[in-house]
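Presented below, as structure tokens, is a lone chain in the form predicted on its own.
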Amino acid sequence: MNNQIEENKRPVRGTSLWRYAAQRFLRNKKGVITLSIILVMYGAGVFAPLVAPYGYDQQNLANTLKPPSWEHPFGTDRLGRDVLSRIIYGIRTTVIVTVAAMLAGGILLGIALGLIAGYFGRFVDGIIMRIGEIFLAFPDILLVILIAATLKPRVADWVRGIETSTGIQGIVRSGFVDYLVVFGALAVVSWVGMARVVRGQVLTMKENQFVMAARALGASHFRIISRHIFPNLLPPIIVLVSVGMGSIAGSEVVLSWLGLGVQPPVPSLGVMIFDNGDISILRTTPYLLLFPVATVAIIIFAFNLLGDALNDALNPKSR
């Protein structure tokens, strides 16, 4: 009897939001499968030199246009290069561009400007939102193309000047200019959607009682934003990031396909699609086009499904 009374006096441990959300997510087979696909594909891209069976520029002119086989699972191209290896290195390009653009644009710019606009309001809010509306006045992909086409020659000349003055060669050839221009253009465009969502959440949240209590106790603006408001914004931010990654990946492929993104000798899925986008190739060697297109489609589709699964796990209204 005494043991039972002591057990009843023990404090009951509640389940935190994140632990409960993780449990809900792990019960969602669709979310687990899509997350596994993204981790495998992005992991292969990050460790491309270790994972790819051949180098992306390794040629064998005696083994050109070979169909898929055990030696070359995705076949070979016109120069005898392994298509699977080039796709893996192309995924690495997508990884670099999507992660850098999301970190610089969607996360740093979008969240910071959204927090400032929503919390301080008035004049600051008006300036930030009007700038965002200017960006929204143009179609996203058109604005990205305009920025990339305008900046790429200037950035390339600037980097060549650095090579000449420092004696360091190979910076342009490594694709640094292409990476910088593409993720910079995508970052400039991708912040607006994130900022608008964050601003709307902050406008509602700053009127809650826990924020008003912190303000009455003399908490600074920085402390209220960082300790009371920002942690409560993480669920919608995580969902937006997952969906935005797929959109940025698609935009990177389109830019490379148009000749404004990452260009040879650095492999890119967009360039592979552009080089093989011919009806004669579909008739003779369709694998040269189908495998890169399928890779892009899987990446975008997986991120969209992951966003739906995260929304189901993190959205309180869906419980």
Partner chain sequence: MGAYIVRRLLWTPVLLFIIGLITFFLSLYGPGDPIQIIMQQYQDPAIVQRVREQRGLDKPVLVQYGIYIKNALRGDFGESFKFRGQTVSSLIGRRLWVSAQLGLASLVVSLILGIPFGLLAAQRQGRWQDTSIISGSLFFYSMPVFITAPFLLMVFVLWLKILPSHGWGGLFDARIIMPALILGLPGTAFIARMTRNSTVEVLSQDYVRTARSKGLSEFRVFWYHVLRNAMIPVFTVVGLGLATLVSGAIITETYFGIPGIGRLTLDAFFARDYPIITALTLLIAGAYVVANLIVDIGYRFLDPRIKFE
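What you are looking at is a predicted structure, and each value in this text was computed from that prediction instead of being measured. Residue numbers count along the first chain shown, from 1.
Note that the form predicted together with the partner chain isn't included here; everything after this is about it.
When the partner chain is considered in the predicted bound form, I273 lines it closely, a heavy atom lying within 4.5 Å.
For I134, a non-hydrogen atom is located within 4.5 Å of the partner chain in the predicted bound form, even though that partner is not displayed.
A residue is said to contact a partner when one of its heavy atoms sits within 4.5 Å of a partner heavy atom; I33 fails this definition for the partner chain in the predicted bound form, lying far away.
Among heavy atoms of A297, some come within 4.5 Å of the partner chain in the predicted bound form.
Residue L146 is the only one of I168, L146, L217, V124 with a heavy atom lying within 4.5 Å of the partner chain in the predicted bound form. Just one of T204, S226, T164, T150 comes within 4.5 Å of the partner chain in the predicted bound form, counting any heavy atom, and that one is T150. Contact with the partner chain, judged by heavy atoms within 4.5 Å in the predicted bound form, is confined among 36 to 44, 66 to 74, 249 to 257, 52 to 60 to 249 to 257. Residues in 193 to 210 all lack a heavy atom within 4.5 Å of the partner chain in the predicted bound form.
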